[in-house]
Structure formats: structure tokens, C-alpha cells
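Below you will find one chain, with nothing else, as C-alpha cells; this is the form predicted on its own, and questions on how it binds or moves follow later.
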């Protein structure tokens, strides 16, 4: 119990730090992510919808849900700017707005690809871990993004081990189809968040090197794409800002589109 209390306390500290980073982000770019109008074609029926996972950040005796918790980081601007790129750069008939899904209903089975941000703060209870396992084994694809360093990795894997206690997280080989299904992504590099404007570094905490990792099913299909020590969501969100470097935004879009096409074809 003492170890559990320490973990909860550290998660709370990281949550406050993340809130501070979010405040700095709004101050620096002077833009409110929550006040983005719906596109005029938001109700259009399409073949693909960007799905974002809503999750409890930690339990501490009860599940903690928040309308603006860690799962909402970069939401909804990152989602909507990214899908505009999917529309321009592929033939996927893509909806212009995102869909929030969670692990308490079967609605997630309607979406072949789900994005989760800041899983270094999640804490999936056993029933939700089981639902995510079922989703992935039935053909779903999960992309995790924007978590950094050793401690957030440990929080991430604590929940992921409840999803797949018997499946390892491994480095994705450069030859894997996920890196070549549309764009050839042999030359990948760490995609930083805008925190680099405050720190002068492309990494956060001790997450110096970007890691491209994953979990595979028994047939060799990639089910979980783990972007560790990176922040592709920031790259999508601020791709239109002149102070965010184009090389990072371009790679973030190519990676995301490859993951979507892989999820819909494998």
C-alpha cells in the first residue's frame, strides 16, 4: 500500500506539472483549444473517423474522470488539424471532427483506430483493461503518444500489463509494414512538443531518445503503436504555427497516416 500511495502522489505531481505546461502553452500561443467551432461538414457520414480514448487518470479508491483531464491534451485542435492532413494526403474519406470513445461501452468496436494521449497518466481498472484487450485482439489498433521518461513509462506499462500480461512491448523493426504502407519512414527522429520553446530541448524528463515500440498479436499484426518520448499531438496541433518546425510536423503527419492505413488494411 505504501508503494501504491507513493505512485498516486507522484502521478498527482505529474498532473500538476502537465497542467502548468498546458498553461504555458496557452500563454505562449494565445489560443484556447476548447473554443474551436465545428466544421460545417461535421455531421457528414464518412468511412473513417478519428477516435480519441477517454480514460481514468488514476483511481485512489475511485475512478477519476475529468472533462478536461489528461486524455484531452491538445483536444480537439490536434485531432481536427490532423484529419485535414489525412484528407489532403490520402484517399481516405475522413470525417472532419473527432469521436471520443471510452472503455465502458462497446462503441469503440466501431472504430478500427484509436488514439490515446498521455498514457503516462492513465490507470485502467481490470474491466477496462479487459475491454481494450478484446478490442485489440478483434482487430483494433491503438496509437499511444505524448508520454516521456522512465516514470511515465512505468505508469503506462502498469496498465498495459493488465491489458496484455503475456505480450511484450518490443521495438518496431524498420522493415515493418507500418513504416512503409504509404510513406517510407526509415529515417525517423524524435518529434518534440512545444515545451522545447521553454526548455530549449527536444525531450522531457529523462526521455532523451524517441522510441518506436509496439505490441503484436499471434499472427504478427501490430496492435499497439507506442510513441514514447515524443509528442506527435503537439506537432499536429501546431503544424500551422510558424514557430513550430516543419520537419517535425511533416514526420508526425506521415507517421499518423501510415498507422491509420495499416490499421485499416491489416
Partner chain sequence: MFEFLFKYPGSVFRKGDWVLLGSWPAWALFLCIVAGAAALAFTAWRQRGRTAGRVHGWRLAALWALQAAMLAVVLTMLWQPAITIASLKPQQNIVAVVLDDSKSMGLNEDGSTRRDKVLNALNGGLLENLATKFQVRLFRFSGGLERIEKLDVIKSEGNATRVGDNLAQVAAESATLPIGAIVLFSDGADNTGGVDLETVNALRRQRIPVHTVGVGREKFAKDIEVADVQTSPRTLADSRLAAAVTLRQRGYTDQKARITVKSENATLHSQDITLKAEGTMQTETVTFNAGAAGVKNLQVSVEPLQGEENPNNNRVSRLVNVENRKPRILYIEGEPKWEFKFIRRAMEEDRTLQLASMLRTTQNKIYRQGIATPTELETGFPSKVDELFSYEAIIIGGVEAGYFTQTQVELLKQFVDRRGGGLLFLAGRGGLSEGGWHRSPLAELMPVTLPDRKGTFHRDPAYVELTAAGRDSLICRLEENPDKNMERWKKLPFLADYQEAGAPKAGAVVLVDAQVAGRKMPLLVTQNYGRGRVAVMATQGTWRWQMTQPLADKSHEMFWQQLLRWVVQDTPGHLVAMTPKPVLADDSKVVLRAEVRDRNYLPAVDTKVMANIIGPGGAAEQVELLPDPVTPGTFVSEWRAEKPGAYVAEMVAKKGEEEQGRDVLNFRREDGVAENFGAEQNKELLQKLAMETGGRYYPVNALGKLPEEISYSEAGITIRETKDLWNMPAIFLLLLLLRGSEWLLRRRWGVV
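Residue numbers count along the first chain shown, from 1. Remember, it's a predicted structure, so these values are computed and weren't measured experimentally.
The same protein also exists as the form predicted in complex with the partner chain; that form is not shown, yet it is the one meant from here on.
**Student:** Picking from 130-138, 188-196, 95-103, 155-163, which part of the chain touches the partner chain in the predicted bound form when contact means heavy atoms within 4.5 Å?
**Tutor:** Of the options given, it is 130-138.
**Student:** Is there a heavy atom of residue 48 lying 4.5 Å or less from a heavy atom of the partner chain in the predicted bound form?
**Tutor:** Residue 48 belongs to the contact set for the partner chain.
**Student:** In the predicted bound form, is there a heavy atom of the partner chain that lies within 4.5 Å of any heavy atom of residue 110, even though the partner is absent here?
**Tutor:** Residue 110: contacts the partner chain in the predicted bound form.
**Student:** Would residue 89 count as a contact of the partner chain in the predicted bound form, using a 4.5 angstroms cut-off between non-hydrogen atoms?
**Tutor:** It does: once the partner chain is placed as it appears in the predicted bound form, residue 89 has a heavy atom within 4.5 Å of it.
**Student:** Determine whether any heavy atom of residue 169 comes within 4.5 Å of a heavy atom of the partner chain in the predicted bound form, and answer yes or no.
**Tutor:** No, no contact at 4.5 Å.
**Student:** Candidate spot 143, 211 and 255, all three in 4.5 Å heavy atom range of the partner chain in the predicted bound form?
**Tutor:** Not a single listed residue reaches the partner chain in the predicted bound form, so no.
**Student:** Which residues within 241-266 place at least one heavy atom within 4.5 Å of the partner chain in the predicted bound form?
**Tutor:** Residues within 4.5 Å: 261, 263, 264, 265, 266.
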